[in-house]
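Next up: just one chain, as structure tokens, the form predicted on its own.
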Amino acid sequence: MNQILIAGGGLAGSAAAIALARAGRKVTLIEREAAPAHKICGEFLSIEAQSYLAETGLDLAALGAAPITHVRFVRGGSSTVAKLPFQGLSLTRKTLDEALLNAAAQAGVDVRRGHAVRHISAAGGALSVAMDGGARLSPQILLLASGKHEIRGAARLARPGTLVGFKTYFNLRPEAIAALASHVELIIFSGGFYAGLQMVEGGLANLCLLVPTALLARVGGKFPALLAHLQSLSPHLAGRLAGATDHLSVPLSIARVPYGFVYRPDAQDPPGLFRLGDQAAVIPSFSGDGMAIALHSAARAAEAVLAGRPAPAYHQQLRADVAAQIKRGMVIQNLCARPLINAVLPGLVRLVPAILPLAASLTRVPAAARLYT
């Protein structure tokens, strides 16, 4: 019998595994991807995320992380640049997740790749996990860190969103790379949806889009048509991608992400089932704090397991830590979707520079709640 089983080898799963294994616990981690793989993500590491990753021992600079010091807001022909209140970093999830899985294995975690958890049951509080291939495990503690992948028997029951996201990489022209260096660009469109563009390691640029499903349907449901449409709306985006070559043959995509979701603990929850990362909380992408929340949940879960606290107490603590910031993130996202605010946002940032650090502070894991600083 595995004492601790972790389903998912992304940021939250691997970070929790490392902490538990280094504390002397026997940990088995199940990762569905058999080899390093890209994941749909903006790949912006806030200062909070960097602090949590430092605890795992990763050297982000050695992994090639690109520094991000400024944000450029673009809408139509208007743009403004503001300095971030911290230095961010940008690193592909393919590189970051692989480094964390390797660190977990080195810490003594039994990492099993190319396998997936198919079903979870907790009759009478006893956990039973069905694997692909028919194997069944009975862990005392299960950390559910499957990201946006739902597992039968333990679905989040979150209200699905109405947006669809895409992510791909481009090899840009040298002049576009030079202009983008040290910046994350948020290209805002009428209606409140947006694109994010930033450099990552290896000289690639990460392009993420978040658009309404209705818009995707209007352009025929295909990514090339969507990208062409967005470039027709944004001369800036068209200029950045002029002469660029696509690094991925097919972009990554995801739909119906439940932004604003925070898991609410229930008295009937199994005492040994802990939810981490997106299985516990989902903040709007623009905040750039999704990875920090995932890592914070990993640290909180490891802390609770090592202290012998049950999952409901952990969920209650995590909710107290992050629910307010996620709610504020949703308020900001909804405000930015309003035509008037959407239209004046770049100018507002230019006229009131303090608005950026204010928005950042409102959508960050509170300093008082962080385990590492």
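Just count from 1 along the sequence shown to find any residue number. Note that the structure is predicted; figures quoted are calculated from it, not measured.
One more form of this protein, predicted together with a small molecule, exists but is not displayed; see below.
With respect to the small molecule in the predicted complex, the three residues His115, Tyr259 and Ser285 uniformly fall within 4.5 angstroms at the level of their nearest heavy atom.
Interface residue among His149, Arg136, Lys222, Arg264, judged by heavy atoms within 4.5 Å of the small molecule in the predicted complex: His149.
In terms of contact with the small molecule in the predicted complex, the residue from Met330, Ile40, Leu63, Leu345 that brings a heavy atom within 4.5 Å is Ile40. Partner proximity in the predicted complex, defined as non-hydrogen atoms within 4.5 angstroms of the small molecule, places exactly one of 74-82, 299-307, 168-176, 251-259 at the interface: 251-259. Although the partner is absent here, Gly88 sits far enough away that none of its heavy atoms falls within 4.5 Å of the small molecule in the predicted complex. Shown alone here, Asp289 lies within 4.5 Å of the small molecule in the predicted complex, counting heavy atoms only. The closest heavy atom approach of Arg32 to the small molecule in the predicted complex falls within 4.5 Å. The small molecule in the predicted complex is not approached by Leu143, whose heavy atoms all lie more than 4.5 angstroms from it.
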